[in-house]
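Encoded as structure tokens, the following chain is the form predicted on its own, with no partner shown.
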């Protein structure tokens, strides 16, 4: 609040028209610049109580969660801050429901016993969201029409200020959330394998539909040149899914350096997720290890889309999951499957890839994916993945979910970008 407005508000006005105009001008001047909700509430109530020379007052706002009116500011001898009142009760409720000035000369105990009670709604866009209540012990009876008119004007000004302060707070919260989401996205990207790992027979892409993703993939090289790998998809969307994704990815990277049994790795991750995840969230995941020296793939599947093995003769084999997703059954046993790459290619993908949809037509599906792969059979593996996604982007297909794809092959094309 600026100094001149504060000084004017501190000077008790008289009952003349000029005094009221001067007071209202000072009252509105503060609200024109205030973006602090709590300061706005306190100043709004203090100004109103002073302006109509009431003995006490309380400002109530609707609690969006519980639906009650909650006292957010108070002036007078009895501190009612935090007091809750039902919108169906007494003069407060009538004022809110009718969105109109209400008065009574009866003795009411909220927030103080008084001879006269006057209430005015706080409304924005015609919708009431709070009530200002003032009380007086005047011996001469009820509030005057001048008091009622002045209260209505000041309540309108206060309502606009409170609404603006709410918007300012919402903008601040939104900016903070946006910064946190960007930070979460950066952290997620840092968990993915670094780009430019030339010479590796494994390549991957992750394309979140939002800033943060519930999908992940990972791979790294052990000292004996074997390559642990994983791809997972967390149920749900948003920050909660992103956090669980980060946890699952971190657990895999830690366990993948200590164990060469994919089933055992999934079992440990499963127990950890079951113990700590909330709201019924789970993770579908394929984890494995590839030995370039022998071409042997060893992997386990926890409720994920069946991996696709493209053989040297261009036939395909799928490997459906034999166990549920991680985080559902605490003591689930997983099974490790072995397959020989034998100059073929091994594809793991999230459902976002095969759920690419062309307009209102059917989804891409596994058969559509196979057709795209076959059309790019002569393109090096890393370039093939990039070209495949670019083809879907160009030809009118729409992405409806996070997309992640991981491919293992022996052509040793360019590394992922």
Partner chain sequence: MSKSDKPQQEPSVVRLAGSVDLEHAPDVRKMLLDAVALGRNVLVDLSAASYIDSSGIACLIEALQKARSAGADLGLVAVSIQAMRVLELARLDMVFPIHDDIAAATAADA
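Here the structure is a predicted model, which means the values were calculated and not measured. Residue numbers count along the first chain shown, from 1.
Absent from the display: the form predicted in complex with its partner chain. The rest refers to it.
Contact annotation: its partner chain lies within 4.5 Å of heavy atoms from the stretch 230 to 238 in the predicted bound form, the single such stretch among 199 to 207, 230 to 238, 215 to 223, 291 to 299.
Its partner chain in the predicted bound form is not approached by residue 88, whose heavy atoms all lie more than 4.5 angstroms from it. By the criterion of a heavy atom within 4.5 Å, residue 325 is counted among the residues contacting its partner chain in the predicted bound form. When contacts are judged by a 4.5 Å heavy atom cut-off, residue 282 counts as touching its partner chain in the predicted bound form. In the predicted bound form, at least one heavy atom of residue 277 sits within 4.5 Å of a heavy atom of its partner chain. Taken together, the three residues 303, 329 and 332 all lie with some non-hydrogen atom within 4.5 angstroms of its partner chain in the predicted bound form. With the partner removed from view, the residue among 80, 309, 255, 321 that has a non-hydrogen atom within 4.5 Å of its partner chain in the predicted bound form turns out to be 321.
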